[in-house]
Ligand SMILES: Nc1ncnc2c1ncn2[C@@H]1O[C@H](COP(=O)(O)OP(=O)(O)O)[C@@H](O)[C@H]1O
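For reference, the chain that follows is the form predicted on its own, supplied as structure tokens.
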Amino acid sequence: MTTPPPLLEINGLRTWFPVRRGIISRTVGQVKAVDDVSLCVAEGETLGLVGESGCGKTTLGRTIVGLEQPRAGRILFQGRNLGRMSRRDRKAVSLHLQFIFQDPYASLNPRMTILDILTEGLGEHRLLRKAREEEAVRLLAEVGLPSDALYRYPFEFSGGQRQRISLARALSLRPSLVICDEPVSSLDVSVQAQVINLLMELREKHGLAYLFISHDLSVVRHLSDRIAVMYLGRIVEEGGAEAIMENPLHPYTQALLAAVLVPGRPRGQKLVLPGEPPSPLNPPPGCPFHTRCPKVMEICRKEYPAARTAEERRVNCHLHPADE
């Protein structure tokens, strides 16, 4: 039996931002926000993308949906190269590829009613098959909000309710893949649990795939089938969620997990990394993590580790040679 192609496939993606100075705006460097990233997401799968703030997670998500332009690499969605599509074709594909922003208040137009927000995309793509009010009420019911919200404005809702509205807007076009950019990081813990459970219910109901971007490893573990760990614009480890959470191989992944508060764990077991992450404007040679790694070797300072398959996962680290 042949394996079906992934819903989303990313190969060698680079998203760099030029740094310009001077009167003539001369380019003096490049901020390497996303640097040679390769990932895939299967239909109905949730891939968790984790890493410190500033590692490039959000830029990767924005590049996939076309909000940022890549410098190099290839993005395939449903087997089609997004970079080679015409504007009309890209608009058609956007029906199946949606984005949920971290701050729901900033992503919702404060001058539009919830009715207008939920049906704007349907009208733009000429997909309204029934009355706007009827379609909007259906979407609100999907995310657990009452129908009397239709003629209210975003400022009249709590943070958790606004995030539900953002999710309903994404669902309005019946997507196959939803990119969630830290959708619960600004919410209270109890509200986080409600939104996460809602995401899981909608995944089962509609067969959705998620690229779930977060720095909260406990949330990612609960929601994800696989996890990819990102550091300074690169993927350093990728594999099954339980395998990575129970037995991380890359020292950076080990440090991330050690920073998670676990009831009953002695304080002495917490691993604190020295220093700060290097600047993506001037990354260090070799492995970008070697300046903070407690297990650094001489080869780490000179040569970037190639991706290796070790213990049924992909890891970029000289400590783990590939399986024979």
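Numbers for residues come from their place in the sequence shown, where the first is 1. Predicted model only: the values in this text are computed from it and were never measured.
This next part talks about the form predicted together with this ligand, which is not shown.
- Every residue of the trio E52, G56 and P280 has some heavy atom no more than 4.5 Å from this ligand in the model of the complex.
- Of the heavy atoms in F17, some are within 4.5 Å of this ligand in the model of the complex.
- At a distance threshold of 4.5 angstroms between non-hydrogen atoms, I64 is out of contact with this ligand in the model of the complex.
- Contact between V31 and this ligand in the model of the complex is found at the 4.5 Å heavy atom cutoff.
- Stretch 56 to 64 is the answer when you ask which of 39 to 47, 289 to 297, 56 to 64, 251 to 259 has residues with heavy atoms within 4.5 Å of this ligand in the model of the complex.
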